[in-house]
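Single chain ahead, by itself, as structure tokens, in the form predicted alone.
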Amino acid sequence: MAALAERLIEVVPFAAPLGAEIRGADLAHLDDSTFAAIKQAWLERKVLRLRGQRIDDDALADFSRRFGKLDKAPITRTGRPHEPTRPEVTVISNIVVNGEPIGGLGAGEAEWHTDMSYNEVPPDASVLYGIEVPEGHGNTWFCDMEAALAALPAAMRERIAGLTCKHDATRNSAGELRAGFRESYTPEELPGALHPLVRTHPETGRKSLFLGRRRNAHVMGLPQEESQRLLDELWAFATKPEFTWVQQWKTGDVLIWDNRCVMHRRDPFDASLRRLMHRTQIQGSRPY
């Protein structure tokens, strides 16, 4: 346990290659020195959890803006934002009111992904706040793409150096088709961004795998079958248990993860259980 007594917070690393809990911080009343300690821990551990928070959307946005400018929420299935007055807030929920879902992703599985990697400039980070959580259900898993790259056999690291992958923009992380897109495209026509398979972290200088999303992904310059084999091998390796940590949610939890070097997924849960979360995302820079 690493103590930062002068700032009255503790950074408690998890028994995993990534992740830590921050204790003693109130995100509704955060001074600059405490935030500096939180950001330092975040760059080192990639995923941070702060428990017992009681914040509104203003406080969530204010905390998130300390990391950088905020992105607008991604396109929903309907093409409309869930929070019209707060376009930077994404509502993630399975709750239905008057026949309409109040948020996205429902109660099903969210597959391994990097947030909004289908954009030319994906977000640097995501901040997720558990407002109403069915404890023990809908766990969120994270995997350390920096550790996965370091553990890859040397021949594979050499093979993927310099390769570029197209990231599918047509579906969300639950596999749902977004408004305005067709069911299928050829790899050449597929809407989405091109990113290196290995990216450099702009703040730490460390390198990590950058796989983004598996569905419809294609390694440019390779025949389709070879691209699929390579991506299947990389995904199977990167998501091994030794590179992962699981978040078991409690109401009041706030998580922030580094979207540049971490992937995540969510377990499905019983749709009769209510779950409500609000998320913000910090604008990023073009992967290189």
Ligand code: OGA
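All residue numbers refer to positions in the sequence shown, first residue = 1. If you're wondering where the values come from, they're calculated on a predicted model, not measured in any experiment.
The same protein has a further form, the form predicted in complex with the named molecule, not shown here; the description that follows concerns it.
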Original post:
Is there a heavy atom of Thr140 lying 4.5 Å or less from a heavy atom of the named molecule in the predicted bound form?
Top reply: yes
Original post:
Does the named molecule come within 4.5 Å of any heavy atom of His113 in the predicted bound form?
Top reply: yes
**OP:** May I ask you to check whether Trp249 falls inside a 4.5 Å heavy atom distance of the named molecule in the predicted bound form?
**Re:** yes
Subject >> Non-hydrogen atom contact Ala20 with the named molecule in the predicted bound form at 4.5 angstroms >> reply: no
Original post:
Among Ala217, Ile92, Ala125, Ala73, which has at least one heavy atom within 4.5 Å of the named molecule in the predicted bound form?
Top reply: Ile92
Original post:
Of the listed stretches (43-51, 60-68, 24-32, 257-265), which one has a non-hydrogen atom within 4.5 Å of the named molecule in the predicted bound form?
Top reply: 257-265
Subject >> Stretch 264-288 - residues with a heavy atom within 4.5 Å of the named molecule in the predicted bound form >> reply: His264, Arg266, Arg275, Met277, Arg279
